[in-house]
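A single chain comes next, written as structure tokens; it is the form predicted on its own.
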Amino acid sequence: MKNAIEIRNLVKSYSDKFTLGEINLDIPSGIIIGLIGENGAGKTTLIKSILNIIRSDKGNIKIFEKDIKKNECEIKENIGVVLDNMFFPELLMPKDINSIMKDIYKNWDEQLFHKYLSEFKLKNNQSIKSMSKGMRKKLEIATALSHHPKLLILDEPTSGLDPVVRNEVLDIFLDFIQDEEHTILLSTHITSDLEHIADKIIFINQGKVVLDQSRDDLLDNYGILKCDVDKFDTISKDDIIAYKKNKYDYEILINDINKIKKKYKDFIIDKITLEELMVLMIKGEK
């Protein structure tokens, strides 16, 4: 399987405040990759580096096996983007967006754009200024999809959407990757969305990649072992990834859940969510 994105030795520093990297990632074609991490972890810096919006201090990025810095215009023709902050001027209307995009993208599909407007219940002549946050987000998604990109790069694409519309959008994303040449890199704080649609999870913390695994491996192999305070010392430190002390018990992040169940038969071991995994790895004691 070819890679949609290859990142090698990427570093981006902002004086002494924050450094992203070194980042090395292979993002295969034909799947949905979930990018998770707390605010300030480096997700947006990584996305903007991939898009060549910000210049990295070191390393290189290839998209569709071509260097983004040398082939930016050609590559961006095949990328659909939704960033966290709205990038359309508020005085514009969807019909204006259509006119502008026709001149930017060779493959702009006017019919498809209006199809999405209809599905999302967006009016062609309504100003962006008068739209709710959710409506603006739907307009961004419609625009990103309407020039037939091979790669979608999405930063919080479902924020501000109600659960019903969010599910509709996730279904559109799933349809998009049915062709094995289509890929989605999706950064979101709504980790439950990723549990439904992501094939792979990349977890960034303090500018570093701390996990890069398939969703199924993470959810099947990691777990939370719960024990009373007086039993904590009976758990081998080698089996503890991180832990949180509550008033009456401990929650311990473990890996290889089947092995741990056999080793600690008298303890409760629960399946884990991506949110619980992220919180324990970031906030838990080591």
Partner chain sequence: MLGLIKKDLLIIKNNIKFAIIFIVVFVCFTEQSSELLYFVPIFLSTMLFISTFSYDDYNKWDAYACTLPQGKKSVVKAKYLASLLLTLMAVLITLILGFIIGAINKNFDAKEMLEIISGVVVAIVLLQSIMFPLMYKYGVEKGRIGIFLGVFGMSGLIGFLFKYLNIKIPNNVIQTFNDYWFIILPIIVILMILVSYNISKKIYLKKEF
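Positions refer to the first chain, counted from 1. Just so we're clear, the structure is a prediction, and the values are computed from it rather than from any experiment.
FYI, the form predicted in complex with the partner chain isn't displayed, but the following is about it.
**Student:** Quick one: of I202, I190, V81, L186, which gets a non-hydrogen atom within 4.5 angstroms of the partner chain in the predicted bound form?
**Tutor:** Only one listed residue qualifies here, and that residue is V81.
**Student:** Of E119, E156, E77, E168, which one comes within 4.5 Å of the partner chain in the predicted bound form, counting heavy atoms only?
**Tutor:** Only one listed residue qualifies here, and that residue is E77.
**Student:** Heavy atom to heavy atom, is V210 within 4.5 Å of the partner chain in the predicted bound form?
**Tutor:** V210: no contact with the partner chain in the predicted bound form.
**Student:** Is F176 close enough to the partner chain in the predicted bound form to count, meaning some heavy atom within 4.5 Å?
**Tutor:** So F176 does not count as contacting the partner chain.
**Student:** With the cut-off set at 4.5 Å between non-hydrogen atoms, does I100 touch the partner chain in the predicted bound form?
**Tutor:** Yes - in the predicted bound form, heavy atoms of I100 and the partner chain come within 4.5 Å of each other.
**Student:** Wondering, does T143 line up within 4.5 Å of the partner chain in the predicted bound form on heavy atoms?
**Tutor:** Because a heavy atom of T143 falls inside 4.5 Å of the partner chain in the predicted bound form, the answer is yes.
**Student:** In the predicted bound form, does each residue in the set I54, N85 and I104 place a non-hydrogen atom within 4.5 angstroms of the partner chain?
**Tutor:** Verified in the predicted bound form; spot residues all in contact, yes.
**Student:** Select, from the options 90-98, 111-119, 157-165, 192-200, the stretch whose residues sit within 4.5 angstroms of the partner chain in the predicted bound form by heavy atom distance.
**Tutor:** Flagged stretch: 90-98.
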